[in-house]
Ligand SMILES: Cc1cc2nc3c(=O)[nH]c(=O)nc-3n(C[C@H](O)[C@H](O)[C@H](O)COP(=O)(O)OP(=O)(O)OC[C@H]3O[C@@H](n4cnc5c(N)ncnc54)[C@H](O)[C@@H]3O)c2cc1C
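There is one chain below, alone, in structure tokens, taken in the form predicted on its own.
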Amino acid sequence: MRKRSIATNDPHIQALARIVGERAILYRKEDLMAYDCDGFTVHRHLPKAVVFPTSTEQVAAVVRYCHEHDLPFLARGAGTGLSGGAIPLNGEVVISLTRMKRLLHVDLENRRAVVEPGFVNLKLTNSVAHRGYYYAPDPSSQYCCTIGGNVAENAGGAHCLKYGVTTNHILGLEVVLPNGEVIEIGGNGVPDPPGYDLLGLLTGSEGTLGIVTKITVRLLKNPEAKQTVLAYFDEVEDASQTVSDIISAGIVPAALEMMDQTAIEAVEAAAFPVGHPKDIAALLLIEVDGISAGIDEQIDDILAICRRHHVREVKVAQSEEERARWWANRKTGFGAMGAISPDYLVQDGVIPRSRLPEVLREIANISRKYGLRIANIFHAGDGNLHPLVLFDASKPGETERALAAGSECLKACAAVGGSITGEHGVGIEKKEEMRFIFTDEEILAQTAIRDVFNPKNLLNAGKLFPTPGRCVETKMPSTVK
């Protein structure tokens, strides 16, 4: 095979090619266009270059070069993120981690595994399933998203109600700091080591504090039994109250999902239709798991609660094949919006479960105000909402209206004591909305932490935090040094 040559006089491109190899760098415009956005497609910016390291040493060398030459840079996984966290706003050198995709070690005796950041989420479960184990975090994009990206965003998924989000399953990290230094945190299995919780700090930091190059994760034993319920409701409020009453009854399902009529229309028009009635207002998908003893009683209690709230129809999956079809239908939810709308914007707010009816009513009001359909498909059990604003970017003004409607949905979540994100991250999409839940002083305190790790602000700059208000002094409070 003929050796590829670097057809540019740019000294930075030539230097980066020497680090990763000439076949592991992109720098031509036509190649870079595939990296101008992630799953948040409203904003697009071309990177300076994209490099594909295959080892921690190469990542560290690239980072050191960028740090020494003041080149902005960021890490990228599969590009499935929904908040713009991997968009190269400043013409960054993108460090793609997709070639670092090995399963390095499995230790079933201690229920843990070590993976590289480009290892695909679902592939981990598939790799240990034959031994009776699995990896719990299951975002809808788990068939293609990477565990490194999950760490950056602290990804959740349908089953995080019972099992927690990514941070609850991370035991150790190898991290390249923004100056190129490599550090290791945790990894020895100690559940609560003394000192600051650096694992917790880095997980969900959205690639602003360092680049993860190795991850030690917790594996779980497959549950002994599992049953899944599908319930159809004629009123959204009845479905919402059912959610609250299931949790109030002391039942903690593995998953408790909800879709409204617009979301149901989309999934039924997409790849995995299951025959949901077209005229229902909402459905619940409820899964319980654990030891066999007691599962039937939990299902009976759930069925009784559904009937108490005027459920039209409720049924229990009669086979693993039926259960799998129901979940495939649910997990295509976001992508299915393409079957009913040219474009859509995914939001990600969190509210107390008890406020579901009023917040869903407010989202309906926002939909009417902006003249845009909003579908709701979300993790109802823990109040993690996903309003999907449907629009047509080819129509003048609709993109701006969709962004404004999405922002108002997040404001409605914040107004009832919730949050502007539960699992998708802030990125560039929601950074101004951080002011809905934090004061300028609180934002400055957080950026002070970032500055300790990333003092030049070369790593993923312009993400996560808004510019502090002009009324706030630029010095930190005396309690922060």
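None of the values given here were measured: they were computed from a predicted structure. The first residue of the shown sequence is 1; numbering continues from there.
Omitted here: the form predicted in complex with the named molecule. The next part is about that form.
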For the chain seen here without its partner, which of 243-251, 316-324, 369-377, 136-144 has a heavy atom within 4.5 Å of the named molecule in the model of the complex? 136-144
Using a 4.5 Å heavy atom cut-off, state whether Ile170 contacts the named molecule in the model of the complex. no
Can any non-hydrogen atom of Glu206 be found within 4.5 angstroms of the named molecule in the model of the complex? yes
Any non-hydrogen atom of Gln298 within 4.5 angstroms of the named molecule in the model of the complex: no
Should Glu423 be classed as touching the named molecule in the model of the complex when contacts are defined as heavy atoms within 4.5 Å? yes
Met259, Leu303 and Gly383 each touching the named molecule in the model of the complex (heavy atom, 4.5 Å): no
Which residue among Ala75, Leu283, Val115, Ala263 has a heavy atom within 4.5 angstroms of the named molecule in the model of the complex? Ala75
Contact with the named molecule in the model of the complex, heavy atom within 4.5 Å, among Thr216, Asn329, Thr80, Thr228 goes to Thr80
Going by the named molecule in the model of the complex, which residues of 273-288 come within 4.5 Å of it through any heavy atom? none
